[in-house]
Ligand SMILES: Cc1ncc(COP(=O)(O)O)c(C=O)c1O
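Read the single chain below, which is given as structure tokens and is the form predicted on its own.
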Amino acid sequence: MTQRLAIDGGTPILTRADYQNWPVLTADDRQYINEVLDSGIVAGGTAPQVTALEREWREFTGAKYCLTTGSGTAALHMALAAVDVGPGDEVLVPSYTFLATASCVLHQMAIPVFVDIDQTTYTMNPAQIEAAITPRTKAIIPVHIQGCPADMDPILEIARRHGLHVIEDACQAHGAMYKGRMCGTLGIAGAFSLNNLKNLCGGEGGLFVTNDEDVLKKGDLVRYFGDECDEVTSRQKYNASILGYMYRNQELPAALARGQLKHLHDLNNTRISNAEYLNRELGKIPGVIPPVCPADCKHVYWFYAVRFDPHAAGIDAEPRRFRVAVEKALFQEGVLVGQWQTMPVLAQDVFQSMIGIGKRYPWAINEAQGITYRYDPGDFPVAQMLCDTYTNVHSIHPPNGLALNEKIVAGFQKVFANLGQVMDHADDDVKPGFDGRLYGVG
């Protein structure tokens, strides 16, 4: 006899007390933060914590140059500006990603052109790239989504043939590796985020890496108002040579990130161990599709995304409705689940309305020449399929381990043993998700 579902009045498998919060704070974090407080230096592009973090991140990734930034978005924008992406240029981005991958293109008055994703890894599909390239294409931004490496070799080869820059969005991929090479270091520049949810947590902040000295210098100008420094005194000239922004980081976030970096390898191993356990056990349940790590790659599982297939589960239901019903039932069992992105990024209002920077800019730049842009989610069936069928399971981040994830598996088993009841509650007023403290948010 099967257990009665919590959504139908039964006893939940888990409670919130089963989950431990991220980030994992240690004596190293406190040491570096105390150094900031003891020094009295709280900011500055050459301040001790930010310069130490830049050095340590270079050493960790093997990148030649690194700049700390105010966010991963800032690092992406700096990279676009540093390779001279400008008005009317086109930049290829994946159809499933966080908004910033595409919106930073708009901030350069350039135009995002979307490429659908691979059905297995959910990263940009190299086979779809060349059809999206035009004479106006200037760069490609592959995303190592949720810590899964994009297939970089064919992307880099396509870029080489067409004379395009590759900027890696590695904001979710600290320590991920593609065929023995560190994600974020394979293109002309890479961007990492340090916000509170990320594998490398600084609370806020970002990292810009490159192996090109000219890109470094241009990126550094963009980072701080375009204002040059005197080469002898290192003081500001208060004479901006280009249009820049205020994208520098500060000492306290950099100090926290330094402390976290000392443990990043072990923290990533915990995520990987948790994910591999879930892959094995959830993969045994018909209708549950765990994430995939590509061959010869290291996936660091920023989040853990599973998809649901009603046909494989023996249920006659529309895929999105099935996913919604299963999410609600799991959530009532105490399994913290919920979507991270709910639609292909191009379906968001900013792209559908094309308001951009003023009315229809930057699109109007090329529309004046008879060029049209189409942002129809129907043109990106894999991204739409993913958004219809996936949810994230919030149980893999440290210090959580086997004890929690065994209960997660039990929750899945209970729900999938009672799918008839699950579908009866598909329209219940249940809103899956998690409270902010799970990821260090107040």
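Residue indices: 1-based, along the sequence shown. The structure displayed is predicted, hence computed values, not measured ones.
Quick note: we don't show the form predicted in complex with this ligand, though the next part is all about it.
- The contact with this ligand in the predicted complex, taken as any heavy atom within 4.5 Å, belongs to Thr97 out of Thr121, Thr97, Gln250, Thr185.
- Out of the listed residues Tyr361, Tyr277, Trp340, Phe225, Trp340 is the one that sits within 4.5 Å of this ligand in the predicted complex by at least one heavy atom.
- In the predicted complex, at least one heavy atom of Ser193 sits within 4.5 Å of a heavy atom of this ligand.
- With a 4.5 Å cutoff on heavy atoms, Asn125 does not count as touching this ligand in the predicted complex; it lies far away.
- Among residues of the shown chain, Thr210 is not one whose heavy atoms approach this ligand to within 4.5 Å in the predicted complex.
- Contact between Val91 and this ligand in the predicted complex is not found at the 4.5 Å heavy atom cutoff.
- None of 269-277, 98-106, 329-337, 349-357 except one has non-hydrogen atoms within 4.5 angstroms of this ligand in the predicted complex; the exception is 98-106.
- Residues are counted as partner-facing when one of their heavy atoms sits within 4.5 Å of this ligand in the predicted complex; in 46-75 these are Ser71, Gly72, Thr73, in sequence order.
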